[in-house]
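Presented below, as structure tokens, is a lone chain in the form predicted on its own.
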């Protein structure tokens, strides 16, 4: 068991995405950064999508109430167990009475705390993942707070001590290059705006949540009367509202939208959306759909020896 002392800005229980539920208006949810969650789970012998804590901007503290094996991956920050410094990407074997603290990260946004056998959470619409807007999944469908106690699903101890290979540890930065394809309404952009979309550097605006991230710095022009019918959207869809400032949809994205869909982030880099914070810079690199599929397969192959079930 783990008793929360400080929950930080937003800590939720996240597991697998809710695949196959969008027809009833249910977003995917799940981890904003699935690669980091998979890496944390690997270190404690769990499947890639086993339920973890997603800790946003650190400031987290918890007391260990039972011997357990845990691991952290994601946005790097100072990690301490009972005052002693420890590192991410390594199995931690903790004892009752230990205190785990996590400082705010300098780069990146979210860290993932995994426990052997996964955290216990409510299964709703086929997943344990917390979706705050509908108050489902996780612990009572809400973010964790001080004095909450969370439990593991089964045995909490793992016999091995593992470390993520250095070459597989994500690099955190304030600048990102994202592969992206044209989308259903890209043709509604003026020629200059489409050129800017795939060549200029954008800045992440103040809106940077699990639902979506605003891109600022360049105003795009869409040749539309603003009366477009709502159409399906997904995590990675880039929409352009009348303001001309694009919005990149993330893991909690709604299922339909009425703004033109001007591009789509390739799956191979979609996990990077969970790393971005306001002020970070991003540039979109145009890819044909076939090239984006090949990029994703290469990335999955790169991690396959370590993450056997992908991410």
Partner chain sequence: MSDKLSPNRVADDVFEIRVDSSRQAQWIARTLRKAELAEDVVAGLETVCVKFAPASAQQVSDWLQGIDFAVDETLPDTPIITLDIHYGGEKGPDFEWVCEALNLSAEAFIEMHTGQTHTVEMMGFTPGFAYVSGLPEDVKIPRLSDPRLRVAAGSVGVSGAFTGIYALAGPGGWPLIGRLSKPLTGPISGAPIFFQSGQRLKFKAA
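Positions refer to the first chain, counted from 1. Fair warning: this is a prediction, and the values are worked out from it, not measured in the lab.
Heads up, the form predicted in complex with the partner chain isn't pictured, but that's what we're talking about next.
*Asks:* Is it the case that residue 232, even though its partner is missing from this view, gets within 4.5 Å of the partner chain in the predicted bound form, heavy atoms only?
*Replies:* Looking in the predicted bound form, residue contacts with the partner chain include residue 232, since a heavy atom lies within 4.5 Å.
*Asks:* For residue 267, is any heavy atom within 4.5 Å of the partner chain in the predicted bound form, or not?
*Replies:* Taking the distances in the predicted bound form, the answer for residue 267 is yes, it comes within 4.5 Å of the partner chain.
*Asks:* Contact between residue 198 and the partner chain in the predicted bound form at 4.5 Å, heavy atoms?
*Replies:* Because no heavy atom of residue 198 falls inside 4.5 Å of the partner chain in the predicted bound form, the answer is no.
*Asks:* Against the partner chain in the predicted bound form, would residue 133 count as a contact residue? Criterion: heavy atoms within 4.5 Å.
*Replies:* Residue 133 belongs to the contact set for the partner chain.
*Asks:* Go through 215 to 223, 168 to 176, 234 to 242, 69 to 77 and give me the stretch that gets within 4.5 Å of the partner chain in the predicted bound form, heavy atoms only.
*Replies:* Looking at the other structure, the answer is 234 to 242.
*Asks:* Which of 164, 156, 183, 91 has a heavy atom within 4.5 Å of the partner chain in the predicted bound form?
*Replies:* Going through each option in turn, the one that passes is 183.
*Asks:* Can you work out which of 143, 122, 211, 150 has a heavy atom no more than 4.5 Å from the partner chain in the predicted bound form?
*Replies:* Here the answer is residue option 211.
*Asks:* Under the 4.5 Å heavy atom criterion, name the residues of 279 to 311 that approach the partner chain in the predicted bound form, in sequence order.
*Replies:* The stretch touches the partner through 289, 290, 292, 293, 296.
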